[in-house]
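Next comes just one chain, in structure tokens: the form predicted alone.
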Amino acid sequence: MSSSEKKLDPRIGLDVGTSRIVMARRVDNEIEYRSQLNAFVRIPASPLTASVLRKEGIPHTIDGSDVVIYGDQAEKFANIFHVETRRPMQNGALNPSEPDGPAVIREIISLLIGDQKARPGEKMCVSMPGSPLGSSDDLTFHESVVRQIVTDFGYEVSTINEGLAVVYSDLAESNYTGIGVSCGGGMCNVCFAYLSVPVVSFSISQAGDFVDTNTATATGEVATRIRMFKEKDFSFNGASGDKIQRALTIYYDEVIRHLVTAMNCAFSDNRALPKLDRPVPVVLSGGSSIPRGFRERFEKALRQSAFPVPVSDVLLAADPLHSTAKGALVSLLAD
């Protein structure tokens, strides 16, 4: 069946993450995904460079004397020139030290959804991080800017908490009751929902970027190369003579420890928790949850703690990289 014959549902779920931006859309009766790295690099511009990039189909813009290369190709060019990619977002929200961030996010979203404006009434649901636990950081600016970017494409915009989106994506069998944990690049987001209604939600800023940055410092590498190695080769395999493997394990364990401590704090201090007649599942998603052994390590730490909510199973999402975008789409499909 050609793409012109496919039945395309206009509703879109969008996960605007620190590491990647992911789009979910229903085509025929299946959900299809597109994603791009939420990053960019600048290289010197010349007429020849711009011409070659156009011929190669490499997404870019011209900004004065620079070419801005964004999305998946940014990592490739950063690796070639041994420099760090630049990130429009930091710790789950817009990066205040990158004034070009909103423009880059706009370009990446355009690359995912296409240049054509939405028709009246077409909807998009966008993931938003939870409030940082124990912090006064305000996410109003981040949400307002991202809303405006999507609105400029012509969509009616709704938002969903990132942890709740994980519940919607992976906990249908428990009637959307359980704890969704999204371990991304800039944040870990947690949401406890009861029959689809969010009860407790929060975020912490230690996540994948924390692992990459500290491992890079400990090993003398650049964080971009650490991230590429982590996503391709890393797993928890016990004692290892490889210094990168050792450092990754150390800092991943620190993230898990901090996450479990935060969950205990947030749930113990909340008096609005419903009285449960059975244990609830926990589902892990996000790129930082993918390494082999992460789920087992997290479950061991959670069960050894004094976590106040009875837990049945600790599960890895069926599709960890796309879980948040899928959950955002599910919220629209159920509307």
Partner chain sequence: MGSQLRERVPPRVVDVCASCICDPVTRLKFLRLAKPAPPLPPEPPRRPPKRRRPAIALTVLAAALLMAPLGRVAPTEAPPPPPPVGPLEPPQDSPAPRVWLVEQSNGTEIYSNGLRIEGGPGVPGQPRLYRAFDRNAPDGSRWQWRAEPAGIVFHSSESDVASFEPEMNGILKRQGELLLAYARQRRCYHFLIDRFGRVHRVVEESARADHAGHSIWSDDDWVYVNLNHSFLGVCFEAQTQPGVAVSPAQIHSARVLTEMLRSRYNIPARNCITHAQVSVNPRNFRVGYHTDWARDFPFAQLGLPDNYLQPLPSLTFFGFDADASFVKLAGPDLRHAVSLAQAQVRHAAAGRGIPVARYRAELQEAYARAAAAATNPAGS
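Here the structure is a predicted model, which is why all the values come from computation and not from measurement. Residue numbers count along the first chain shown, from 1.
Another form, the form predicted together with the partner chain, is not on view; read the next lines as being about it.
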Quick check: do Pro120, Arg147 and Tyr176 each get a heavy atom within 4.5 Å of the partner chain in the predicted bound form?
yes
Please determine, with the chain shown alone, which of 43 to 51, 303 to 311, 285 to 293, 25 to 33 has non-hydrogen atoms within 4.5 Å of the partner chain in the predicted bound form.
25 to 33
Is there a heavy atom of Val199 lying 4.5 Å or less from a heavy atom of the partner chain in the predicted bound form?
yes
Contact label in the predicted bound form: Arg278 to the partner chain, heavy atom within 4.5 Å
yes
Is Asn264 near the partner chain? Define near as a heavy atom within 4.5 Å, in the predicted bound form.
no
With a cut-off of 4.5 Å between heavy atoms, is Leu273 one of the residues that contacts the partner chain in the predicted bound form?
yes
With the partner chain taken in the predicted bound form, which residues across 61 to 99 come within 4.5 angstroms through any non-hydrogen atom?
Pro96
